[in-house]
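First, one chain by itself: the form predicted alone, in structure tokens.
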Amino acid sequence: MDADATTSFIHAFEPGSDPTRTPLLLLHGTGGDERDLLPLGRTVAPGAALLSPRGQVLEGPMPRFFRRLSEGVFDEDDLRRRTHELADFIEAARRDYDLAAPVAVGFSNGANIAASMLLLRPQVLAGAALLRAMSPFATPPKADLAGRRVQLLSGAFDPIVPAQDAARLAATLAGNGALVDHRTVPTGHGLSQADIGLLKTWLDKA
């Protein structure tokens, strides 16, 4: 089911068939759209409601969730503004679709804005799985993440996200009280079967 009446975000929504499953917020990477991660969501959380918005920033023809100045260098002012816009969308969608707080599953650019949301609007998310995320802020804000579960999946051969940057993000989230499960899989920036298996196991415990 496609819907765009909730806010200005173009998005896809699939109602859940299993009321015991936490809804998923699916956040695509650069160049993706609202349909990119739907198959992943169905695989890792069968029966969960799926909410998948399209990023509103264009880099050439490629949708993103916020601007970057160069690869790995974020426009932090734009990131903050876009994070609040996305958080407002999620809150409106929860009312419209009668959803519990979702767990974000974000890849690359989508994982980075999910990490930003954990730090700026933590009450919006029940938790997050951050696939190939890096630290969104040079000086991270403080947040109350006590008890929130976060999975961080990094690629051992990722040419985009340095290992020390992913480790810094894990430390930032844990330092704010999150229950962080940080794993490194033997692959690059793209997702692998190992990611899918780890993510499904982690979500099954949610």
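Numbering starts at 1 and runs along the sequence shown. The structure displayed is predicted, hence computed values, not measured ones.
A second form of this protein, the form predicted in complex with ligand MLT, is not displayed here; the remarks below concern that form.
Heavy atoms of no residue among 13, 86 and 94 are located within 4.5 Å of ligand MLT in the model of the complex. When ligand MLT is considered in the model of the complex, residue 56 lies well away from it, no heavy atom lying within 4.5 Å.
In the model of the complex, residue 71 approaches ligand MLT with a heavy atom inside 4.5 Å. Ligand MLT in the model of the complex is not approached by residue 148, whose heavy atoms all lie more than 4.5 angstroms from it. Looking at residue 125, you'd find every heavy atom of it more than 4.5 angstroms from ligand MLT in the model of the complex.
Note that among 35-43, 166-174, 139-147, 61-69, the stretch whose heavy atoms approach ligand MLT to within 4.5 Å in the model of the complex is 61-69.
Taking ligand MLT as positioned in the model of the complex, the residues of 105-121 that bring a heavy atom within 4.5 Å of it are, in sequence order, 108, 109, 112.
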